[in-house]
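As a starting point, one isolated chain is supplied in structure tokens, in the form predicted on its own.
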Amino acid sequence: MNLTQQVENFILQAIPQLYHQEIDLSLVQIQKTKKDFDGELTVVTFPFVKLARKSPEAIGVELGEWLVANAPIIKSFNVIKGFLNLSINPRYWLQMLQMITQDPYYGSKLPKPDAPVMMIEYSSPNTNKPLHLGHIRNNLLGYSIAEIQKANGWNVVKTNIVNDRGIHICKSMLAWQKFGNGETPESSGMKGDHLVGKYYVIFDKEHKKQVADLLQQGMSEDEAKKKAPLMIEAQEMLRKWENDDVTVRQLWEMMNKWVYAGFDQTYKQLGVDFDKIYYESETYLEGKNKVEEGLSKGVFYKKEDGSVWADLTQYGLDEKLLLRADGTSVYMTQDIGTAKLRYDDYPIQKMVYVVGNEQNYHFQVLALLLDKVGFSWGKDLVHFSYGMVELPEGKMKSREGTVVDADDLMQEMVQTALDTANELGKLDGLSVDEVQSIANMVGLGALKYFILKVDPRKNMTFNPKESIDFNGNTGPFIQYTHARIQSVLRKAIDQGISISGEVQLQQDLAEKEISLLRLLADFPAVIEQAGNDFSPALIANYAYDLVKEYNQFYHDFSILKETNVAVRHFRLVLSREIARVIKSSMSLLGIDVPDRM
């Protein structure tokens, strides 16, 4: 039971004794005390006015006096209008610290075998290009949300849907066929996804040349784009693929294997993974079958041209195409098919799609359609709608080859971390292997933290230079603080100072020490709130607040040089547990922290 819950219970006892009326827990409003006032928790007394028939201030005084007399955890109180500010007994904080030391999973709820299943879809790449900066934000958010929901007790399944079919795939295939001269990842030395992406860009350039020629012949732009020979050939290749043409399918399988191998390397470097991967080439037929089943039940309807539609006008939306007149599927149909396969594989109770905010309407429609075709979690699906990420230079375009490649960006971040750490002398005395390991941690930690500390629903600009700073709200600042604490703990051991055993502190705690203990106590609630809000930013900014407070404490108070043995032991235990929470919180963001720096 956390501190807020304990205070709630005391208030539920106090009100009947003071005013002879039972109250519902919903009337008890407790919040953190504002920084300008004394206290840790504030009770709002306005909800009690009607039953007590007294002013909010009078209720605050009476309730405060009762709590000081009857609740051992309350030391003192003050009343500001309708707000009762409570100061917590310092002994409570020491007991809480002891409890934390005895809990190896502090802050997290371990999933039980019968825990509800939450499936989280993220990444969703196309096999015609490598992953880029936008994919990095998607993957980092998806992975972090999965880790946070695990910590909240969900049985989480991380899943990916690979867009491996369609006209965009055929564009890369056709360009390689025409201009590739048999080039392979082995012959070129390029990662497979980069090689395939190269031919996607080549297709676009050659297609634009053909369009320009047709425009000069007097054709309109829309007509020229459709009638350019390359586009006609790509569409023919797609028809052959759908008809299982052996040659086209073999080419498709070969180039997809190149891409998958490249993706795997990128995912490994980024530190994300999946429990199950689905492929659109396997799900779109399932979707067609599910739509046809809905058609037979009257859930959907067919137009005169043979196309199949869903009428969603009663929900304030429009009519939605599900199958074209020629029987081919659209993205919505594929999503229904993917849902069907997932529901077959797992007892899903909550489905979360991590997809950019440009798809908000798509998921409004999908939720209704899934409900209509019989998936119980359909209406309650979560579209985790996040904002776009750009560089200071502006937006990126895949077709024009102006995207920021994920592999290149990660390599740049690691190199920048190495250069910065060397300039500051933070890697002195370490072996070559240790230096490279720390450069990887810091470079990728800077990238991940900079992206995840921002409210995910907002658009953001990623600035590589700002992200690698050993001061301020950055990943390296937090990582360096963890390494600093580990250095203190190592020195204690080297000096023969024990950090084990209970804290036996008799004197009062300093305000800065209480402030750190308050932050430690907040950790479970922060994890819970981050899960409810689907917001890794809450974890990131909590870690920063904790680290900022610890660095002020480290600057102002002695630890190893403290002469009072009990005080020294307390500060070492406090430091150790803060390091553990830093590591846990950063782990929820997919970030490693070094022990040395």
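In this text, residue numbers run from 1 along the sequence as written. Superpose the two forms; the largest set of C-alphas matching within 1.5 Å is the rigid core. Keep in mind that this is a model prediction, so the values were computed, not measured.
FYI, the form predicted together with the RNA isn't displayed, but the following is about it.
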Name the residue from Gly189, Gly316, Pro104, Gly298 that puts a heavy atom within 4.5 Å of the RNA in the predicted bound form. Gly316
Interface check vs the RNA in the predicted bound form: of Lys109, Lys276, Lys257, Lys458, the one with a heavy atom inside 4.5 Å is Lys458
Find out whether any non-hydrogen atom of Glu280 is located within 4.5 angstroms of the RNA in the predicted bound form, and reply yes or no. yes
Just checking whether Asn532 would be counted as a contact of the RNA in the predicted bound form - the rule being heavy atoms within 4.5 angstroms. no
So, Asp305 and the RNA: in the predicted bound form, are they within 4.5 Å at any heavy atom pair? yes
Are any of the heavy atoms in Met597 no more than 4.5 Å from a heavy atom of the RNA in the predicted bound form? yes
Among 286-294, 145-153, 211-219, 468-476, which stretch has residues with heavy atoms no more than 4.5 Å from the RNA in the predicted bound form? 468-476
Using the arrangement in the predicted bound form, list in sequence order the residues of 519-544 with any heavy atom within 4.5 angstroms of the RNA. Ala537, Leu538, Asn541, Tyr544
Core fit, then Thr42 C-alpha moves 2 Å or more between this form and the one not shown: yes
If I superpose the two forms on their rigid core, does the C-alpha of Gln29 end up displaced by 2 Å or more between this form and the one not shown? yes
Core-aligned, does Lys426 move its Cα 2 Å or more between this form and the one not shown? yes
